[in-house]
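As structure tokens, one chain now follows by itself in the form predicted alone.
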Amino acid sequence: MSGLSFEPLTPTSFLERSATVFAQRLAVVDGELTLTYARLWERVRLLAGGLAGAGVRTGDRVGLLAANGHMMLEATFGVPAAGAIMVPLNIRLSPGELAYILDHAEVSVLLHDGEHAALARAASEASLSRPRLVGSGEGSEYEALLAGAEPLLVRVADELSPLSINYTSGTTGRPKGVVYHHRGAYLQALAMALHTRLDAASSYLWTLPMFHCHGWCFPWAVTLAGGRHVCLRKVDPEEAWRLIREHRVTHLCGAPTVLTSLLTHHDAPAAALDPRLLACVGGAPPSPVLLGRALRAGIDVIHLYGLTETYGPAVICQPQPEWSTLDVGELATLTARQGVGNVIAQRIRVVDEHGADVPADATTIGEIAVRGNDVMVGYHRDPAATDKAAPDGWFRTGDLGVLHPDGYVRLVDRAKDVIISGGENIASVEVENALVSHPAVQEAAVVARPDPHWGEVPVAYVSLAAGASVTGGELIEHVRSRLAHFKAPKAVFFGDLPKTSTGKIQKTVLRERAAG
């Protein structure tokens, strides 16, 4: 039967379009290297052809081990253009951890940048799969691969076929491989572009690692809008503010700690920049104090919430026009909530242990459950874990929250971060918010410490603002003045807080310290 045909959805098509519509617009700034959209599309197709020439076939896995830069961006389009499946790798993992992922995903080729060449070699040597290494840089094998290739674009036959395998942090055991499909990434990119108001005049600073959930799908979102990718290989506040001003940056993403490092730097603006900057914050609940600080500095903040399993942000704190009349304190409290489902997600639920919805009373705690176009296909080679994560078709996030009457979800805590002291539940986030409301505190993390009488008690790890001074006793009293006394930390430790590559505070490390 003849009729109209429909093209399967794939995020690679965004670059194909932008290479025509925005051919001579600046697409990528990576140090001294710049690429127009036409040139980026050319290099992507050459990479696809080079991978095919190296023996990569449809469905093969190609690993990506690189900081934010042109190679990582090219590979995000070029690997699927070759018909292969991407496996982004965390550059902060050890060779042994990387080797496990290489073997579990059955990676045949590992693309890496020059600064991670030694790590790539060590991971390959520790693996059983021993993937072929292709390094980038001037005069590198990567450039030779492109130079000797014919342009290639393998069309996607099935939009639900795997696009990539993104591995979780593995904090509770071996990391799990989260499978994304083309349709989900395409729609998630559209959602991010819509919610963050990206357009051709946008300039996006890469403060979020591209290897983390594909940078929340912003490589595709910025590209579909025809915006500019400004690469930053690591979060350096001085360099970030230089790039923000030089390239008139309009957007950036990151964990609350990233925003904190920018706002507390001496180059931070005292008033709104032109153009105005939008910071998309996720990865951990930002405190109302941090949000208030950003608003006073003239930086708009959108709070996002999601997981590796949801292509990044599945929930967005959708701003309401009526909020514009509120004072900074009231606005910060509202925008600290996680929010509502993005435009491609189904409504967000908060459920009890039986899977029933809890009342939308802003008080009753349950587990946040999600479903929609931006939820993973499943865990690679682990059907049992997939079934356990979504027992009734709704993915259980492992995060505890409450549902407000207006439909906005507020995260209370990770299930594993709730402290049970003498039979009372203590939400670590609540105590952390109380701590950072003290003017001397820059960041705080609260974890459980084993206790022979209470079972466990809260203890706090705190980093102070530059030049500030406060004692542990003063901070404990500060918390007691705001919360029930049993919620106050029993001890306070000062110093830098351990963080992941995406800026999240590593509570697993702090729990080990507390237990020791």
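Because the structure is predicted, anything quoted here is derived from the model rather than measured. Numbering starts at 1 and follows the sequence shown.
From this point on, the text means the form predicted in complex with a further copy of the same chain, which you will not see here.
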item	value
Contact stretch among 143-151, 431-439, 189-197, 411-419 - heavy atom within 4.5 Å of a further copy of the same chain in the predicted bound form	189-197
The unique member of 282, 219, 131, 372 whose heavy atoms fall within 4.5 Å of a further copy of the same chain in the predicted bound form	372
106, 367, 159, 300 - the one with a heavy atom within 4.5 Å of a further copy of the same chain in the predicted bound form	159
Residue 183: touches a further copy of the same chain in the predicted bound form, heavy atom cutoff 4.5 angstroms	yes
Touches a further copy of the same chain in the predicted bound form: residue 407 (any heavy atom, 4.5 Å)	yes
a further copy of the same chain contact in the predicted bound form: residue 201, any heavy atom under 4.5 Å	yes
Residue 209, heavy atom within 4.5 angstroms of a further copy of the same chain in the predicted bound form	no
Residues of 10-28 having any heavy atom within 4.5 Å of a further copy of the same chain in the predicted bound form, listed in sequence order	14, 17, 20, 21, 22, 25
